[in-house]
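Only one chain comes next, encoded as structure tokens, the form predicted alone.
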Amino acid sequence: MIQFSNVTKVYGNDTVALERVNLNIDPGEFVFLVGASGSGKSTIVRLVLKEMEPSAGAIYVNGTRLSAVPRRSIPRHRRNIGCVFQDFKLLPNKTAAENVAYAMEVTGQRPRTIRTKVPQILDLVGLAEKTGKYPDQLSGGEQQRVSIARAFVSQPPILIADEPTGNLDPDTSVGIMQLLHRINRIGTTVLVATHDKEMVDVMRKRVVALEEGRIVRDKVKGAYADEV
């Protein structure tokens, strides 16, 4: 589903963000990317989204080499990847349901489909009773659930979460990770970049550890402490 082949990324000031990274993530896997700030986690996420190009090497997503994707096709590429971020990125003037619906509207989905799927996805993430609430009327955990619903409403084959529990308390974080696990069990490939040691240890999924732009550990059913 995601393949990095000898990928190196050097930023303009000669900062090496990734160095000869080889990584294969199969369809349906749940993978944690762990490591200190500056280790390369976010660079991997941005490369998968084609927000930038590698300095060397090849990246494949769902069988397509990203260097062959023209600029005009980047939005289509990104529609196959749901994204969840630390700061939620919800539209403050829209309700939970409207935030999720908006993600479908911008991709041209039919109003009837939107009316059907939005309540279903909000129910999946445990917010069936909060559809009419605005972001400032929701807790941090509830806002993140709306963000996940928005990312998953079109059921993309890949879901990427970049520090999804960074602003949440431990108990709320458990619920968010359980939700990502539930989405993974549906068949979605899930990639989570995180500093959340406790969550990684509890989940016991594949852990890929980065250090100074290199993969230093790759362990199935690993723990954060095993890797870093």
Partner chain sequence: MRFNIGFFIREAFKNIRLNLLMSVTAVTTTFICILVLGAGLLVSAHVEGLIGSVREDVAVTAFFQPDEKEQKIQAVRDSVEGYSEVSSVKFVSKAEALDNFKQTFADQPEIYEDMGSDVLPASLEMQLKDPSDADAVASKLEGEGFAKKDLSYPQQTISRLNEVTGYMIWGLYGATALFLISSILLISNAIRISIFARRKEIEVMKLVGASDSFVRTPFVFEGLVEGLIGATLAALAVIWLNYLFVDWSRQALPFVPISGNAVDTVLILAVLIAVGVMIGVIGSFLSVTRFLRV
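Take the two forms, find the largest set of C-alpha atoms that superpose within 1.5 Å, and that set is the rigid core. Numbering follows the first chain given and starts at 1. Here the structure is a predicted model, which is why all the values come from computation and not from measurement.
FYI, the form predicted in complex with the partner chain isn't displayed, but the following is about it.
- Taking non-hydrogen atoms only, Asn93 approaches the partner chain to within 4.5 angstroms in the predicted bound form.
- Although the partner is absent from this view, Val106 contacts the partner chain in the predicted bound form, with a non-hydrogen atom inside 4.5 angstroms.
- Within this chain, Arg150 lines the site of the partner chain in the predicted bound form, having a heavy atom no more than 4.5 Å away.
- Interface membership of Gly132, defined by any non-hydrogen atom within 4.5 Å of the partner chain in the predicted bound form, is ruled out.
- The three marked residues, Asp123, His195 and Arg204, fail to reach the partner chain in the predicted bound form, with no heavy atom of any inside 4.5 Å.
- Contact residues in stretch 54 to 88 (any heavy atom within 4.5 Å of the partner chain, taken in the predicted bound form) are Arg71, Pro75, Arg78, Arg79, Phe85.
- The Cα position of Arg112 differs by 2 Å or more between this form and the one not shown after fitting on the rigid core.
- Core-aligned CA deviation for Gln86 between this form and the one not shown: 2 Å or greater.
- Put simply, Gln86 and Thr43 come closer in the predicted bound form: their C-alpha atoms are 3 Å or more nearer than in the form shown.
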